[in-house]
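Before any questions on how it binds or moves, here is one chain, the form predicted alone, in C-alpha cells.
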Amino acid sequence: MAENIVQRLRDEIENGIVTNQFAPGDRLDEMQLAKHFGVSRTPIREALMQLGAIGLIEMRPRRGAVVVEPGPHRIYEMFEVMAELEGMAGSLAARRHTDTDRTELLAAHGRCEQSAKADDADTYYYDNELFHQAIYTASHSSFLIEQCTALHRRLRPYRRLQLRVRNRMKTSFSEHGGIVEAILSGEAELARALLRQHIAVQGDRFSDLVATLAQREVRPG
C-alpha cells in the first residue's frame, strides 16, 4: 500500500513537471506538496528521491528539491541511445530466450493488448514497461538489463508523454506484434531493427514530441 502511494505521488508530480505545472527552476516544497496531496512528508520525500534518480529534479543547498529538465536535443540523444540498447536486447532475446521468457513476453503482450483495446493510456504505459522489461530479461545479459532499465527510467516521463500523441498507443501496440514474432521465431537482426525503429524518436514522431514539449512552455499567468 505504501509503495502504491509513493508511485501515485511520483506519477502526479512527474506529470506536473512534464505538463509544466512545475517549471524548470521551481522549488518543490515537501510540506506544501504533502498538504496538497493530503499525505505525510515521508511518501513525498520518497517520491522526490525517485524523481531525482531519473534527473527530473535535483537537491540543491538551501533550496531543497528543484525542477530540472533536459532540452529537446538532450531528450533526442537519450532516445537514440535507448533505441540501440533495446535493439541489442531484442537481438539477444531472439537468440537466448527460454520457455519461461516466452511465457512472460506473451503475457506482457497480452496485457498491452487489453489496455490498448480499452484505450487506457495510463494502464498501457505500465503494461508497456513490463513488456520491455520482459525483453530485457530474455536477453540474459545482466549488464545490458541494468543499462536498459536505468535509461528507460530516465526516459519514463517522455515515453509517457509520447503515448498522448494522437494514435501513438495503437501504433505502439501494433509494433509490439512484429517484435514478439521476431524474438520468438529467433530472428535476431529483425528483432533488433524493429526495436530500434520502435524506440527511435525520428521524423514526424520527434516533431510531435517537440511540439508537445513546446506547448508546455506557455503557462497560465
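Start at 1 and count along the sequence shown; that's the residue number. Note that the structure is a prediction, hence the values are computed from the model and not measured.
Beyond the structure shown, there is the form predicted together with a further copy of the same chain, which is absent from this document and is the topic of what follows.
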* Considering a further copy of the same chain in the predicted bound form, which of I54, V68, V39, L161 comes within 4.5 Å of it through any heavy atom? -> I54
* **Answer range among 54-62, 31-39, 167-175, 180-188 for contact with a further copy of the same chain, defined in the predicted bound form as heavy atoms within 4.5 Å** => 54-62
* **Non-hydrogen atom contact E46 with a further copy of the same chain in the predicted bound form at 4.5 angstroms** => yes
* Partner proximity in the predicted bound form: Q147 to a further copy of the same chain, non-hydrogen atom cutoff 4.5 Å -> yes
* To do: Indicate whether a further copy of the same chain has at least one heavy atom within 4.5 Å of a heavy atom of S142 in the predicted bound form.
  => yes
* Non-hydrogen atom contact E80 with a further copy of the same chain in the predicted bound form at 4.5 angstroms -> yes
* Asked: Can you tell me which residues in 81-97 come within 4.5 angstroms of a further copy of the same chain in the predicted bound form, by heavy atoms?
  -> V81, E84, L85, M88, L92, R96
* Structure fact -> Shown form as baseline, in the predicted bound form, CA R45-R156 shift of 3 Å or more puts them farther
* Structure fact -> Distance flag for L56 and L144 (Cα, change 3 Å or more) in the predicted bound form: the two residues are closer
